[in-house]
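First comes one chain, alone, set out as structure tokens in the form predicted on its own.
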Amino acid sequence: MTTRELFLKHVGQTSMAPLAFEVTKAQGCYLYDANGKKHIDLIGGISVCNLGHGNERIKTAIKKQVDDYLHVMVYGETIQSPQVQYATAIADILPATLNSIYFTNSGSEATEGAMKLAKRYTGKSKIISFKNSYHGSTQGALSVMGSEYWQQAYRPLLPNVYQYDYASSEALDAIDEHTACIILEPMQSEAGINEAPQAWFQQLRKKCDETGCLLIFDEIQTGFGRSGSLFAFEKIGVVPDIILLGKALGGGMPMGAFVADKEMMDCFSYKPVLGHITTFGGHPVCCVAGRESLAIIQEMFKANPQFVEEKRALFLQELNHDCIEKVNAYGLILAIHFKDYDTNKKIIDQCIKNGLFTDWFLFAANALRIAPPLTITHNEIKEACAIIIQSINEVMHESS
């Protein structure tokens, strides 16, 4: 049997029509298929590979840690310097109230842990989330996902969860003394890049302070430079009580985290003890990869604080076509909106044929995703946009 046939037979599938793009090598901003053809990677593992593929500094850090030790004990019971060093590095770049890092294996697990922490710390159970939001697919995270399409097959989910339109006054009004937390993305990525006014975030912070509701920012996709700053909350000017991290956190290795104040996080240590546990969270190899990746991203911003915005502007400049309805952009996450899903899917398929790897958004199936490595060059951006325009033209020609 071919590798593709074995993939379809033995690897659990999540779609009746997976892309089935067989990757044999990845380097820089390029993926190589089974035929040796290279494709510009415009997804970056969905905001994971912020430094592209095969970064030498990250690989060197991984190799050294592999020689030292791998897993030794469940999370929190032994002092492992990779965990300590990375937690310290993260705390050093966050506000003083975000000083305690709990490492997990994924963004979904970070969501789960943060929801538990909010309920434990406040003693409340009401949770507010938003339509067209995505926080993961485990049952707790699914409970706050903003789409009945994905939820309906798995009910009953968590009770006492209420959803509202993003950036609505109704959501602010719903926050009361019974609310444990409100969880949201500082920018709704899977909705095709949906932003909220800065004034609304200020009102949200004020209402949370008045009621004792914890404000949770999901920065799993926007974190680590993707937004144009290290974290999107810095652009917004509002500091959350808990922040969720993932995707780029591990420098290409599987990793998530939720971050809060130590006083809050200490709730997990008593009544009951081991209030939240994980076997592999904060794996030493993931921590050294993530720490090295963060150091490189910091160096990139120090060298040119505007490098993300400059690349964003270049994408917007190059993406001009009558078939494009609009392009939403937030740092180096962009969504090219077409008239419908069928048009978008044909263009995506044509892009892949033409040497560019991309996909669509969960809540905006008519939009093509752009989330390349932050290291993508200006020439690579121009090449990628040329392939997109070429693919649009070819699809339109076939349809005429």
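Residues carry their position along the shown sequence, with the first being 1. Everything numeric here is computed off the predicted structure, so don't read it as measured data.
One more form of this protein, predicted together with a small molecule, exists but is not displayed; see below.
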(message) To verify the annotation, which of these, Gln80, Ser143, Ser108, Asn99, has a non-hydrogen atom within 4.5 Å of the small molecule in the predicted complex?
(response) Ser108
(message) Counting any non-hydrogen atom inside 4.5 Å, which residue from Cys213, Ala289, Ile220, Met115 sits next to the small molecule in the predicted complex?
(response) Ile220
(message) Using a 4.5 Å heavy atom cut-off, which of 72 to 80, 257 to 265, 131 to 139, 156 to 164 contacts the small molecule in the predicted complex?
(response) 131 to 139
(message) Since only the chain is shown here, I'm wondering whether Asp241 would be in contact with the small molecule in the predicted complex (any heavy atom pair within 4.5 Å).
(response) no
(message) Can you tell me if Lys247 lies within 4.5 angstroms of the small molecule in the predicted complex, counting non-hydrogen atoms only?
(response) yes
